[in-house]
Structure formats: structure tokens, C-alpha cells
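One chain comes next, on its own, written as C-alpha cells: the form predicted on its own.
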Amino acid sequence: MQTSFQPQELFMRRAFELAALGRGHVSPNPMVGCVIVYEGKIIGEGFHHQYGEAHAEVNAIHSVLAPNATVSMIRKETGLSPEDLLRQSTLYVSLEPCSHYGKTPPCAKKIIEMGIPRVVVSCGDPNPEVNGQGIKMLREVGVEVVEHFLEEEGQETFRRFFTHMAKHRPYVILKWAQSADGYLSRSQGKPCLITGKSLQVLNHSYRVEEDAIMVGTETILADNPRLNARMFRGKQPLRVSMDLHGKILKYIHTYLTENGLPSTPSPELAGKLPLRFFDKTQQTLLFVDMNRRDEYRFIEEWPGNGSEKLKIVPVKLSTAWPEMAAAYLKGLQKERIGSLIVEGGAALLQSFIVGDHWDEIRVFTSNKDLGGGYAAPRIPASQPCGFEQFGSEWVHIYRNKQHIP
């Protein structure tokens, strides 16, 4: 049986598509898309491009006023100005228009100023500064507002933002690559490339979509990772790790001593630190024991591409892994990080699983057997929501049942 869609559904789904174009650039703001429709024709489109810049509704309105080719054609047929068309149009937007002055003026006010008579909204904005006020502002001046339109699909679009608002922490994606027989790496801890090129490129595409990527101390020391997106174009994520017991600090001091290098920073020593994590090529954050904070100052001062790219954040130690995971998330929330990929190792992943500090799991499964080593974490109670095959390798995606709207 062929499924038919109402035009209104197509318009809102187009708004969702537009919203996705802002992924990786607007956090901690939500990705928002907007479509303006006159007599069944889309005459304007917009989305939120960049944090701090104009919102979707404003961009859509400006696309009508420019005007675009569709507006120009309708003007020739009807003699109506772009402003006239707006006063006879319906605006479809994936999230409630904002009602407060932030980095930009309120979108609800702009809609009112342009005289748009009807607004269709998918999801309300849980931000305490909005939370129904945008819709109230529109209705108070006579704008017809339709709420909760394709709301379930909208919630999928906004799952990162809604988690950020409701749980006061980033949206957490646990990601690991495992062998066909269920191991993360070999026991001796040597770097071990498990997946093929296709999944490596996919992994880098994931990185540009999220705000931050996190690995544990042992991963930093054993693999010396770059934690960037070399294989996919886009912004680089904030890279995050921790050194709660001074292992990284000891490694660096030993390296400097054995190579006759002083710990005192000087220009000629730029780039000589042994770990890529500290190369200052991208924004980097390291959690450390609050009682040892001063021991890391020489790393901050070490020459590189800019001292502002490395931040040392002290945290209170706990013997409970889940409590430390919560502390990391609290620290990242203060840094306005809206989404986080945790890539390992096993102990760090387990700390997020045990504490139920996760929203999504992505498992890359190779066709290779390792025959032993560090076992991959067990998938906790979850809702399978997707899988894809890349040659003889697989990606499976799971959502936390407790966190699904």
C-alpha cells in the first residue's frame, strides 16, 4: 500500500532536514530549521548556521525578502511584494521561536513584526528562558499557532539539546570498535587497528558532528591518539582526557629527563612533548586531581600553537568510577559542551555504563578475531535503533531505554 503524506508533513520534514545542516556548529544551541509557505509553495527556507548568529526563522524570513527565485516568480504573477507574501504565509519551524534577547533578538518578535499570520511548531523549547513564552507572545497578538506537529520526529532532531537542558550534562555517545570475537585490543596494550578504512572515515565523520571526544589515561599513553577528524571535513572537537593519578605527568617528566630536555618552557622546545594530546593543534581539556593542579602548569606554558588551546580542570577524586564520570560531565557542562563521544578505553566506557551516564552506544564490529585481550563492554539494557554494513564490518547503534522521550 502506498503511503501518502499531507503537504504540511512534507513542509515540517523539510524543516527537520534544514535543521540537520547546522549539526556540529550551533551547540550548545539547538539545530533548528524553518520553512515559509505561501499557497502551497515554499517561498523561504532557513536554518541556524552557527552559534551566536541569526536563528532559523530570521534566515528564512530574509530569504523571502532577498528575494529568491520563487518569490520573484510569484511577484510577477500576483504583483505582491515579499512583505505582502509573508503576511499571507505559514511558517513551519522545528522548535518553538525564542522569546528572549540573547546573542540575537527574539525570533517571535521578528515573526510578529513581519505580520506572519500562522506558525506551525513541532516541539516546545525547554530552555527556561523560552518554555512556552514564544508561543504565548505570538498568540497574544493574534498569530494562529499549531503546536506538537510531528513532535516525535522533532524530539529525535533535538535529542542532544533536550538532554543538555533536562539532565544538565552533554548528550553522551559511547563508541568502541571491537573484534569479531569481542575484544577491544590485545592484552599487551600495543596499538591495534581493528576496523578497516570505511569505518575509520565514518568515525571521523561522527567526530565533526559532536562537541567533544574523550578517552582515558591508558589510551593516551598506549595509543598516543590525535583525537581529531583527519579523514572528514569539519570542525575539530574538543579533545578530553584525565590524569587523576599522575601517570601522564610522570611519563612526560621521564621522557624529558631521558632526552635531556628541561621542563622549563622555551621557544626552541616547541613540539617536543611526546604526546599528541598536548600539541596544542586544537582545543584540549585535561581533568586532574584538584590537589595536584599546580604540577601541570608547565604543560600549559609549553610552547605550541597557543596556550589558550589547553585547559587543565581540577576535580575531586572518588574511588567510584561512576562518580568520576559524573564529575567529568559536570565539568564539561560548565564548558558549554552539548555532546560528547567517549571512545575508550574499557574502564572509562564501563564507568559511564555503570553510572547510567550515557544516551547512545555505537559499536563498530570488525571481521577480524583477536583471540584474546581486553574484552569489549557488555551492551546494557537498551533499544536497538539502527545498524549498517560496510563490506564485512558492521555498525550497530543503541539508545538508552531510560532516556528515550
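The numbering used is simple: start at 1 and walk along the sequence shown. Bear in mind that the values here come from a model prediction, so they are computed numbers and not experimental data.
One more form of this protein should be noted, the form predicted together with a small molecule, which is absent from this view; the next part is about it.
With the small molecule omitted here, the record of contacts in the predicted complex names 345-353 of 37-45, 332-340, 52-60, 345-353, defined by a heavy atom within 4.5 Å. Within 4.5 Å of some heavy atom of the small molecule in the predicted complex lies at least one heavy atom of residue 328. Looking at residue 184, you'd find a heavy atom of it within 4.5 angstroms of the small molecule in the predicted complex. In the predicted complex, none of the heavy atoms of residue 157 sits within 4.5 Å of a heavy atom of the small molecule.
Although the partner is absent here, residue 217 sits close enough that one of its heavy atoms falls within 4.5 Å of the small molecule in the predicted complex. Though the small molecule is absent from this view, in the predicted complex it lies within 4.5 Å of a heavy atom of just one residue from 295, 223, 153, 300, which is 223. Though the small molecule is absent from this view, in the predicted complex it lies within 4.5 Å of a heavy atom of just one residue from 177, 116, 229, 238, which is 177. The candidate spot formed by 202, 358 and 387 is out of contact with the small molecule in the predicted complex: none of the three has a heavy atom within 4.5 Å.
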